[in-house]
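Okay, so here's just one chain, in structure tokens, the form predicted on its own.
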């Protein structure tokens, strides 16, 4: 088991070294994005139903649910619940959009590296140029893969948030 973990760590380290410093920044963005998405998923599936039940209970306990004042209270409670439900969703979408851009930044830095090699050694050493080209393409691929994983999960999460919000609205009848 330990040998497997060491080999896995060396593979990851080699991959990170191949892509350059941009891959470390991309890994940081990816970690933050997934931590936020997991936190939102846990909130939507475990904490929000308790909050929604509490809000519906308060609404059901009211004697007045038909006056203009009662409707404003209902809207305020729904708005507060939706605010908590949608917290950090925009940040998650932004991080998903940032991943391919960071990959493109890696492409640019890799191409700069290739041009520096060509300026210093000429075009006669293909091995050195290959390492620069690899440094240019690996972050692009990693950025795209990171963004794809984020797009899939964040869209599912957004759908869950909308369903939870609509359920709360539907469970607080007004006349």
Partner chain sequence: MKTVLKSVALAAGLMLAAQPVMAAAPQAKTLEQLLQQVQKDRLSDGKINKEREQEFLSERADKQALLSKAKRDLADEQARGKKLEAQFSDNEKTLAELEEKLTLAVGNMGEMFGVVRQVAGDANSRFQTSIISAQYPGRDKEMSELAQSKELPEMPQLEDLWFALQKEMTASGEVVKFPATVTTTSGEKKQMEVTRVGTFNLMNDKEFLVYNAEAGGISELSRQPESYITDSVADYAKNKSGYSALFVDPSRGTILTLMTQKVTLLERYNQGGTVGYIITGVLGLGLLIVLERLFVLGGISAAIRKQLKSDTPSDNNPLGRILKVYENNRNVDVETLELKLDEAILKETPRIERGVAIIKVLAAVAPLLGLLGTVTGMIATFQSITLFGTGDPKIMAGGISTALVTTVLGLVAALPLIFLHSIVYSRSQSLIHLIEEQATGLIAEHAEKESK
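Residue numbers count along the first chain shown, from 1. Please read all numbers here as calculations on a predicted model, not as lab measurements.
Keep in mind that the form predicted in complex with the partner chain is missing from the display, and what follows is about it.
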The partner chain in the model of the complex reached by all of 77, 104 and 118, non-hydrogen atom within 4.5 Å
yes
Classify residue 109 as contacting or not contacting the partner chain in the model of the complex by the rule of any non-hydrogen atom within 4.5 angstroms, answering yes or no.
yes
Since only the chain is shown here, I'm wondering whether residue 62 would be in contact with the partner chain in the model of the complex (any heavy atom pair within 4.5 Å).
yes
Within 4.5 Å, heavy atoms only: does residue 123 come near the partner chain in the model of the complex?
yes
Can you tell me whether residue 29 touches the partner chain? I mean in the model of the complex, with a 4.5 angstroms heavy atom cut-off.
yes
